[in-house]
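Form predicted alone, single chain, as structure tokens, below.
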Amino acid sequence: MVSIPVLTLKRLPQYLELLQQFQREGQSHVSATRLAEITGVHVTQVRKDLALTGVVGVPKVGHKTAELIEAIKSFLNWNDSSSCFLVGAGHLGSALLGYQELSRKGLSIVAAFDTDPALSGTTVNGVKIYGLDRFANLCRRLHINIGILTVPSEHAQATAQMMIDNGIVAIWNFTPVHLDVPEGVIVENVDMSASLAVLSHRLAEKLHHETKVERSH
């Protein structure tokens, strides 16, 4: 399989959201130029990204909206639902259990696990929560490959290792911890702290700029 740039993989869902919006509005065709205008991505890059899906647009007409939607979903493997386990059913974990967009994008959380005895045996948004003692047996029995990590930071590495020891080969890491994993194990970090840092700094810059403008007048 050809290696696809990470930035391209991150842009394709943006295009997909827009295409689905256009489809709801009754637009049968869309141009790369239009997608570029809305996303702020250069039109040449948009064309390169879309070309990877195998769908070819028609000059001065554009791409068929429905066809491009299905092509992107197929390219991202979102048409094929993958089962996964979530470990850490606290506030963040429970929120993810209720996030229906995951199932629409091909990820089905079939079970959750937590060390809190009060949570064991309960159900959150239709997903049953088990104690960690059930993880190994269920993981191997159900042939689970994907794990979502939403535990406290101090337990992140040990929990990740437990996942790997029981056959997990891809971890969606919502903790701020840099995980030490064997070669071949995929880790995708969702670094909310870094994102918040960027947001906070940009806000500070904006407010500082506005204050300077006000003083100049």
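For every residue, the number given is its place in the sequence shown, counted from 1. As the structure is a prediction and not an experimental result, all values here were calculated from the model. Under this definition, the rigid core comprises the largest set of C-alpha atoms superposing within 1.5 Å between the forms.
As for the form predicted in complex with another copy of the chain, it is not shown, yet the points below apply to it.
Interface residue among Ala111, Leu142, Leu76, Leu132 relative to another copy of the chain in the predicted complex, by the heavy atom within 4.5 Å criterion: Leu76.
For the three residues Ser120, Thr123 and Gln161, a heavy atom within 4.5 Å of another copy of the chain turns up in the predicted complex in no case. With the partner omitted here, the stretch from 26 to 34, 58 to 66, 42 to 50, 146 to 154 that lies within 4.5 Å of another copy of the chain by heavy atoms in the predicted complex is 146 to 154. Another copy of the chain in the predicted complex comes within 4.5 Å of no heavy atom belonging to Gly54.
By the criterion of a heavy atom within 4.5 Å, Val213 is excluded from the residues contacting another copy of the chain in the predicted complex.
Among residues of the shown chain, Leu96 is one whose heavy atoms approach another copy of the chain to within 4.5 Å in the predicted complex. Using a 4.5 angstroms limit between non-hydrogen atoms, Lys128 is distant from another copy of the chain in the predicted complex. Along 196 to 213, residues Leu196, Ala197, Val198, Leu199, Ser200, His201, Arg202, Leu203, Ala204, Glu205, Lys206, Leu207 each place a heavy atom within 4.5 Å of another copy of the chain in the predicted complex. Annotation for His209: C-alpha shift of 2 angstroms or more between this form and the one not shown, rigid core superposed. With a cut-off of 2 Å and the rigid core superposed, Gln21 has a Cα displacement that falls short of the cut-off between this form and the one not shown.
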